[in-house]
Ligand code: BGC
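Okay, here we've got a single chain as structure tokens, the form predicted on its own, with questions on binding and movement later.
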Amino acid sequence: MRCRRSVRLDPSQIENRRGWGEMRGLPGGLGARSVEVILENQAASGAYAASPTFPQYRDYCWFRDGAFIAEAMSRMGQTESAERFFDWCAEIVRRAPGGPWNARYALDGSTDPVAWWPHRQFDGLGLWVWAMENHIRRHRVASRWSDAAEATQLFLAEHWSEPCHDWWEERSGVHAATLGCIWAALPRDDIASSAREARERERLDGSHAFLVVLGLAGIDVLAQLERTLGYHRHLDDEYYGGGEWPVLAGLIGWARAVNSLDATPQRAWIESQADRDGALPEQTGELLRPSLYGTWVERWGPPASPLLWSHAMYLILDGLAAG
């Protein structure tokens, strides 16, 4: 089954995106602008505000989003920024070394005061350790986070097979992408096998592209994602009408690159979604369920923009393209 293609977002937003072409003459282009956006929205604590202009996100940092952002900043040589995020994660873990920990916290590291139901997410816990370990290998720096990383790994070793919420905070269960994120921090054969089994039994999901990046899924899965979902999260998506995500375009491109395939189309598509100020949104483009878009706008306003995770995925992909 192919995803349904329908209307795009309103024309004024599309026109704003075309304006990015006027900025491409700036040194560094969208890559430099993405670094600026991330640095501008990193709190004194080291946390990255998920989206500074979106009320539902602006006061919070997710372990998951932040780990990908730190990975991108580390790759860009922004070592201080990445390490400040790892400091933020480690401090949260040290306050409760046996866990559990929430998926997101306030920017100052305090517990989220909102009664928000999908707090139980294990993907971000694995990802912060993965990004931190990548950073140490990449820049050959001494670790000041080993105790917190070990506490996180011990928790995951005990709880990895338990249900939690997925990347999109929609379903509770044992999810392939979550298991992949845990495996990235705790590379055990039983976790890898469970991730593959979960992917085979669950619905096709854009997060499966990260399994391809990690080597837990093959090029056949990548082809199915591109053919069936494109840059959509899943065929059941109703959030803001089910748009296309720059995050997923970045993951698809990353998965293509690690398989020696051309990722230029994904990079170019993300660039085409930037507005006049070089801000990348959470979602954009063609909608699976356009009739629901207005309902979400009435509820929360326009889709989040900029989304720091989107900028992070562009930086990773841009770096891969540059070799």
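What you see is a predicted model, and the numbers here were worked out from it, not measured in a lab. Sequential numbering from 1, following the sequence displayed.
One more form of this protein exists, namely the form predicted together with the ligand; it is left out here, but the text below deals with it.
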Exercise. Choose one stretch from 144-152, 201-209, 129-137, 161-169: the one whose residues place a heavy atom within 4.5 angstroms of the ligand in the predicted complex.
Key: 161-169
Quiz prompt | Partner contact for Phe122 in the predicted complex: the ligand, 4.5 angstroms, heavy atom | solution = no
Exercise. Could you confirm whether Trp245 comes within 4.5 Å of the ligand in the predicted complex, counting heavy atoms only?
Key: yes
Exercise. Examine Arg64 and determine whether its closest non-hydrogen atom to the ligand in the predicted complex is within 4.5 angstroms.
Key: yes
Quiz item: Is Ala50 a contact residue for the ligand in the predicted complex, using a 4.5 Å heavy atom cut-off?
Solution: yes
Practice problem: Only one of Trp254, Tyr57, Tyr293, Trp269 comes within 4.5 Å of the ligand in the predicted complex by heavy atoms, so just point that one out. | Solution: Tyr57
Quiz item: Mind listing which residues of 223-247 have a heavy atom within 4.5 Å of the ligand in the predicted complex?
Solution: Arg233, Tyr239, Trp245
